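The chain that follows stands alone, in the form predicted on its own, written as structure tokens.
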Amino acid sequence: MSLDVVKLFKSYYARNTVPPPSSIERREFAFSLFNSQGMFRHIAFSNGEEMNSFLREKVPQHAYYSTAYYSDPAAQDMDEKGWLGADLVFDIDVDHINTPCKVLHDTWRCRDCGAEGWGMVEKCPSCGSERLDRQTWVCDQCISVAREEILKLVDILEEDFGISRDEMYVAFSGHRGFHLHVENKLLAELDQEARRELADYVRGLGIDPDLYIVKARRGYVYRFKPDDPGWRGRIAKLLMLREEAGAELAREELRRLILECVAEARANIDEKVTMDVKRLIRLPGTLHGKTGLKVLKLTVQQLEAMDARSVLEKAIALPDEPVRVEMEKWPKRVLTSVFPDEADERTLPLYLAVYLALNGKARILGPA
């Protein structure tokens, strides 16, 4: 199986030219190779032609580049690279979000009592153990949730920080979500602490509802208007959609409504990625080694115009010729496909078979 995947990846890189990231000569690159342990990093290229020659020769399973800019990106010691700044990057991964579709494709099994089931659980509902084996998959409903999170983030960055969407681009990671990149010279100089504060802001952390309410005659009311800037106006807009918020309320009731609005409007990012000023991140245009899908670069406007199904279809880079696939426990929904009935063997397009096989749960039997 692995040799066939290498051949498919090799054919992809032979037929396609991967666009280089901006300021390629200042970026560090890193790669994981098929049938090889560890990551090969501290690699630098002068131009896109060099980078594509490497991809065609080495055929990596995973390809990354640094969000940071360095004076000497090939230096083996991180302290000798000469950090010059870093793009501001946000990561949204549905693996951390309990989407309603998880009961259709994710499974768990308790290592202690043997109980098993579908969906996302933090610990075994039978014995309380946290020692769980999990099998997780992604479908268009998952990606739709991640897409909504990215668009909420874009709105916050535009409205509250004045960052132009012309300085942003989105990358579908090829697996469970999206990365939002901001390339701005001033923001590139932000240190780790400043990026942490920004990450906390977009997640709505530290909002004290008591600072947003005021005493009225018979209770409490929200003190700000929808056209107020930042979280004050954002919460006001959402409160307008809640009938009960139009009246004077008990203090605790209004506090609860405000916190619900914050939870609805916040962007569910992975703060560790945003804080990391030396992050390696997937290279757009390359293939994800766990799915065979393309890391897809999009403008914000393109993402707005697409639904999740369109994103997944555009990320398909491998052939769709039919092949026979066997698998012990099939998800009921994966990518854009639905498997409502039980079966040991199915005929699937090759790209979907590769996705299932790269996760180690399916076996490709041959052409249909």
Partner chain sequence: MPEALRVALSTDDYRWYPFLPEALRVVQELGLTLEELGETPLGLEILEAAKSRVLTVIESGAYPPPSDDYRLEVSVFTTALLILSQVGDRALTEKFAVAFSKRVFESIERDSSKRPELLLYLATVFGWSFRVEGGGVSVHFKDYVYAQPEFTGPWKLVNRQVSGGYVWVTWREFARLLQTGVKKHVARLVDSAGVDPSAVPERLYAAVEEVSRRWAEARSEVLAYARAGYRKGDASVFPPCIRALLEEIQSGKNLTHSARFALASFLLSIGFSVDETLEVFKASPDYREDLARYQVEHIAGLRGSRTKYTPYKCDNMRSLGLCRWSCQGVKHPLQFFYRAVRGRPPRVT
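Numbering follows the first chain given and starts at 1. Given the structure is predicted, the values throughout are model-derived calculations rather than measurements.
Only in words, not in the display: the form predicted together with its partner chain, which the text now covers.
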**Request:** Please name which of the stretches 265 to 273, 225 to 233, 245 to 253, 139 to 147 has residues with heavy atoms lying within 4.5 Å of its partner chain in the predicted bound form.
**Result:** 225 to 233
**Request:** Could you work out which of Tyr169, Tyr212, Phe178, Trp108 is the residue within 4.5 angstroms of its partner chain in the predicted bound form, going by heavy atoms?
**Result:** Tyr212
**Message:** Just to be sure I understand the contacts: of Leu151, Ile207, Leu84, Ala115, which is the one whose heavy atoms reach within 4.5 angstroms of its partner chain in the predicted bound form?
**Reply:** Ile207
**Message:** Can you work out whether Asp133 and its partner chain are in contact in the predicted bound form, taking contact to mean some heavy atom pair no more than 4.5 Å apart?
**Reply:** no
**Close approach of Pro125 to its partner chain in the predicted bound form, 4.5 Å, heavy atom** = no
**Asked** Heavy atoms within 4.5 Å of its partner chain in the predicted bound form: does Asp155 have any?
**Response** no
**Message:** Residue-level question: is Tyr201 within 4.5 Å of its partner chain in the predicted bound form, judged on heavy atoms?
**Reply:** yes
**Prompt:** If you look in the predicted bound form, which residues in 329 to 368 sit within 4.5 Å of its partner chain (heavy atoms)?
**Reply:** none
